[in-house]
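In structure tokens, the next block holds one chain alone, the form predicted alone.
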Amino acid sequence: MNLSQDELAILSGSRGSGAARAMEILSALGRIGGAEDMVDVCSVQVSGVSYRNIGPHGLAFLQEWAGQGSKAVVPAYMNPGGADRRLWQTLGLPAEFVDKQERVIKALSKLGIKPTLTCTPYHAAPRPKFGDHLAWSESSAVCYANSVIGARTNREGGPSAIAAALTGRTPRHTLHTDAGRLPTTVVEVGCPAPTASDAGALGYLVGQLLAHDPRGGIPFIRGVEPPEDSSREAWLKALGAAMAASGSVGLFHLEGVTPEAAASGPELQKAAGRKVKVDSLEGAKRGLFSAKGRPSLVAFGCPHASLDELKRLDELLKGRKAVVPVWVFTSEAVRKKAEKSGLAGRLSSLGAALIADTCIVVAPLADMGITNVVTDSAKAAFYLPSHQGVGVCFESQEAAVEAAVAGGQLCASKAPQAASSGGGAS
């Protein structure tokens, strides 16, 4: 690693022992990643926020680092924690868990990291620009930043993201470089994917196809386009989130749509070493279905919902009250906008609660007696069975709303089917 004079000074303690520790971590990771130098970052997103994930040892680690006195020198944001800080009692979360969660947030705040508590920082904070270098952590946020915005970030771990926040740097390798952003596989899509849930199923399948690619998984996707209406962003978000979950994909190129693919699509295609085809999404949808019995919850907002997505939910409910509880996960920033406009109150009157600061994947569902969840999120459907031990009915947003209003007969009448890992791909 070639460290600048300023970086060497940080390593020697010019910004305090916390920043020195951070530079030591980044230097070691840079050597492992083959980086020759560091790059300045515009913003940081820190994962490892939920107490449910990091536990007592993770909390002690954060408290010890926070005690060393250094603070973030660039805008830095927290990923979701394990509890809605306003509504935790209403939701039935244990007070002991919430107290420990607050200690995590306090330690990170002491490091200068803002408690945005969202996996969609682009909805809750200034949006990065094309070409900006970032140090983001959450898999769907990383994929969105790289693919939809055209910014540049590797997927940081919690400690490396904190280190980037305290120094304003991250090692320049992989997705921070031109060569590291070239596609490895052309994916020809031969079936329609009009909705966000379809995009999620497609992303889940593409991620599976690329998960074991020794050259890394960066797809160049052809044959499918996002809608042109207000659901476009949700479609792109769902595609990348599922791909990141099932295949650790940090960047996708969508022909004519994503920034780099729109600018130099033919050249990017030539770099790919192989080609696969997806001709059906049905196997992927079956593979994401694991529910047994009636659902106890209908969940939207994984990744966190935007204001447009909340408006769409209101349109689908059509004034009908949900029989099954509906939780919509979003950021506190978006929830406040929805409250100001009256949208949050209207949704609440129909049985749809806006949940902020946390996520369906990291909230302690078992403590709340939740056994089966209906969701339109392929990312949630992928993670919930293994992370939370709950069954999932993966449906479109429209069908999930009908399940909420009708009392869940939709899932009760469907039997999970085993799906091949190919799911319509060749």
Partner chain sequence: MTVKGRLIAKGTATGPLLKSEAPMGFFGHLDPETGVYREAGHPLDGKCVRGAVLAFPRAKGSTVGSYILYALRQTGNAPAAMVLRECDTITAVGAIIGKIPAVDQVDISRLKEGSEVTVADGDVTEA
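From a predicted model like this one, the values you see are computed outputs, not experimental measurements. Residue numbers count along the first chain shown, from 1.
Another form exists, predicted in complex with the partner chain; not displayed. Remarks below refer to it.
Using a 4.5 Å cutoff between non-hydrogen atoms, Gly265 does not count as a contact of the partner chain in the model of the complex. The shortest heavy atom separation between Leu62 and the partner chain in the model of the complex is within 4.5 Å. Taking non-hydrogen atoms only, Arg15 never approaches the partner chain to within 4.5 angstroms in the model of the complex.
Of the heavy atoms in Ser396, none are within 4.5 Å of the partner chain in the model of the complex. Across the proposed site, Leu316, Val405 and Gly407 without exception lack any heavy atom within 4.5 Å of the partner chain in the model of the complex. Per the 4.5 Å heavy atom criterion, the partner chain in the model of the complex is contacted by stretch 31 to 39, the sole one of 396 to 404, 31 to 39, 362 to 370, 378 to 386. Distance criterion of 4.5 Å from any heavy atom to the partner chain in the model of the complex singles out Pro159 from the list Gly168, Pro75, Pro115, Pro159. Contacts between stretch 232 to 260 and the partner chain, counted in the model of the complex as any heavy atom lying within 4.5 Å, involve no residue at all.
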